[in-house]
Each structure stands twice: as structure tokens, then as C-alpha cells.
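Shown next as C-alpha cells: one chain only, the form predicted alone.
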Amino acid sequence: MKIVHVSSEQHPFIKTGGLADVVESLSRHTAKQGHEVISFLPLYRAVRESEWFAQAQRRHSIFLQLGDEAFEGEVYRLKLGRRLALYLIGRDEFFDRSYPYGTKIRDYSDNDARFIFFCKAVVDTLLRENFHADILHCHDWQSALVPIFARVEEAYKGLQVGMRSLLTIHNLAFQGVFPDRAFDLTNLPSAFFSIDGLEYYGQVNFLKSGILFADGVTTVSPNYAKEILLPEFGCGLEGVLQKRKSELHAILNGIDTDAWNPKTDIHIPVNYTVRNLDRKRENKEALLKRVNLPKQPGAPLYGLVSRLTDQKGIDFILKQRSFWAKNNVQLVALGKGDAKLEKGLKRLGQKFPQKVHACFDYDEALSHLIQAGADFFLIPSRFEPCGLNQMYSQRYGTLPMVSRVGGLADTVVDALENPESGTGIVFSPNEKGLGKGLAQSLKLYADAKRYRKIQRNAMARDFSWGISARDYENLYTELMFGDSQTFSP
């Protein structure tokens, strides 16, 4: 098969979250399966300034209509391996910026034009390159207009862009909603600005377009696929998703088991396996030294690596002040995001300087060390489409403490409910639930034999991408032999 991935992020070129890891891993594994795979990415400043860009080949210029104006751009191609290549869509006005989506204060005001240009450029490039894709796999709202642009272009020009299209929803909370004037920039027929098209309460919703006009829709965990059909998690699109329920699939994300392997991890000072778990303690000591926290005998160390947003339940952690105050415990947090949450973690560290350290950065090496050095890993999310950190932590024998939502519930077996097969602690997605989970963790940590058994259970889990890539391969095949989605509003 010829497979195209379209995404706003891809590791190692640009990353703000798990999306980048998923696109890189899925592209690489499907290429290993023998398929020809290309991916598309905006040519951000960070990508242009990277060492990889020097190896990219300029392919051609593009001239695209957005509303009444024509915009020029450029396309580069970077070969990543056998049967694997990356196309970069450049236009400095849109992508030569410090951050991909906005500043810490607000999103860029022209994100509608930026990603309409990107989606149009993908379709234009596929036509120019005569790639004749079997599958157009689009990821999240930034690429969700590709299916409709492709079908309209095919209708007008009589040329095939892609046989079938697929949209993966990595996080339904981010939909790409813009004022109605954004529709003019699409140059789509006016009929598509309707309740059965891109219109959403008088605005334009990019993700809605992908849900309606892609041939298939996937989410990144089975539980999340069920949740988003309900008002509580549907973020206003539960009705649209119900309409496509028969085409809605769930494939659990995998993890890169080469990069995240305590036996070979280059970011940690002491490698270990399930057979010599005692060596894990040396990583704990190294982590405490790295963040300048004292060794406290008998104290469990809690790790947190996260975007600092309301979704992630960081405020639940901040509200557990009495837990950090009264108990012999320590916390190391790493992340960036909401200024209020950063301030809260900073104050917690100032209040308990011997117990809490917070680092506000993206630090790949430190994130690995936290996974290897912590005793428990906190993910108290209000909702979580899949999550990768809980899979990493199990692989490292660091017991995940997670909310009972989305992919967290799919991937962590609660040790209280399942004493023999448990791999972590699962609790209700609220402040009270986290409090109960923390209390349970203290009892568990005090029982060294039981704690070690759960560690071994966790490290035996297989979250490799090979399983997920085969599921996607099967879905691609199913889509190719199924009916094409109509593109009439």
C-alpha cells in the first residue's frame, strides 16, 4: 500500500505532546511492514534550523488560493529510510515562528489560514508528485480538511489524490474552531457551510469536517471511543460522532520500546531489567541528586511528566497539600503549560523544598530519568484519549497512578481490584479519587513484597507498536475494500 500521514507534529522534528511520537512510530512501523509511506509536516522554524533540514531536497514552489488571495510556498522532501520520506510545507509567513500553535498566552490569530494552507498544500503536492495514495491518514484538526479538499479536487480535475481517507482523533478537546470568515479561505462550495458540513454554531469547525468526510475515523483507545459518544466527553461533537458510529474504530497507541527500555536507555545512569530490579534504586538516587532533593529513607518518590493543563488534573495534585505536608514523601514534576498551574507547582516546591521539585521545561533526558527513578507515576487526568506515560512507567517498573478514564483505564490494571494481575493504581477522575489513590500508594509501598510483585506484572506488559501497526494495517485494508464516504453536505 501507499500510505500518507498528515500531521502538525512528528518526532524528532517538532513535538509538543504524544501526537509527534505516534506519527513517527506508526510511519516507521508501517514502512517496515513493506508499505511505501510518506508524511507531511509544516516547515516550522525549529525544523528549518535543525540538522535534518540540510539533507532535504527542494521539490517545487506552490501557489494556492485562500479566498481572494494567492499564497506562495515551497515543498521539500527528506528521505528518512527505505520506503519512508517526509515532505515539508514551507511558507515563512505562516510557519517561521517560535511555537507551532501559539504563545503561552494565546493561540495565533491566523491558525485558520495557516492550516488551510497546509492542508491545501498536501493535496496539491500529492497531485504534483503523482503519488496515488491508497490511504490518506490525517491526524487531529490541523489536517482534518485534507479529506474534503482531496475529494473536491478529484471531482473538479478527475485525478485521484487518495483511494481512502482516515482521520485519527488524538484529542477531541482540540477541534480547530474559527469565525465564519475562515470558510471563505477554504474556497469550498458554499453548500459545505451547513449543519451537515463545516458549520458549527455559526463558526467553522475543522475537526467536524474530518469526522464527516473521511472514510473512516479512529480514536487512540477503546474506552475513549465509547466516551466521546457521550455528552460528558463529546465536547459538543457527540452527535456528529454518533452519525459516524459505524465507521468509528479504536486502535490503542503503542510506544517505542527501543527508546523506552530500561535495559538500554541512554538517558539513565544505571540500566536494569525485571531480573535486577534492585538497580532501579540507583536511578532514584541519581534523580534526587539531579533535582537537588535530599535522600529520605522510606519515602516513596512520585513522578509527574505532563503538559500543565486542566485536562491533566494538575490542580488535583496541588489540592493535596496535606498529603505532601504530613507524609514522608517526595515529588518531582516536569512540564510546561498554564501559567497558573506552573505557579502552583512552584509554590508547592517553595513550601516543601525538601519534598517537591518542579522543572518547567521540555527535557527528554529528565523525563526518562523520572520514569526510571520514581516509585509511582502520577496521571490524574480529567480525560485522557490514550496517554503514553503510563505505558512507559509500567515498562520501567514505576507504578502508574491514573484516573479511570480513556486509555488510562484500558492500559493500567488496578492492583486493589486485581491483586494477582494488577499493574498500578486506578482511581476516580477527581480530587477525592486522587486522595484515595495516594493513601493506597503509601500502604502499597510499605508492603515491599506486594509492591515488587506489581512491578513485575507491570514490566511484563507488551505495549509495542508492532501490535498497533498491524491493527492499522488491517483497518487500511478494510477501508480500501469498503465504500467511499460521500462528500456532499
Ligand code: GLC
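Since the model is a prediction, treat every value here as computed from it, not as a measurement. The numbering used is simple: start at 1 and walk along the sequence shown.
Heads up, the form predicted together with the named molecule isn't pictured, but that's what we're talking about next.
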{"item": "One residue of L166, V220, I314, V122 in contact with the named molecule, assessed in the model of the complex (non-hydrogen atom, 4.5 angstroms)", "value": "V220"}
{"item": "One residue of L207, C386, L126, C138 in contact with the named molecule, assessed in the model of the complex (non-hydrogen atom, 4.5 angstroms)", "value": "C386"}
{"item": "Within 4.5 Å of the named molecule in the model of the complex, all of H5, H249 and L475 (non-hydrogen atom)", "value": "no"}
{"item": "Interface membership of L19, the named molecule in the model of the complex, 4.5 Å heavy atom rule", "value": "yes"}
{"item": "Distance check, N253 to the named molecule in the model of the complex, heavy atom within 4.5 Å", "value": "yes"}
{"item": "The named molecule contact at N171 in the model of the complex, heavy atom, 4.5 Å", "value": "yes"}
{"item": "Heavy atom of H267 within 4.5 Å of the named molecule in the model of the complex", "value": "no"}
{"item": "Which of 94-102, 306-314, 188-196, 410-418 sits within 4.5 Å of the named molecule in the model of the complex, heavy atom basis", "value": "306-314"}
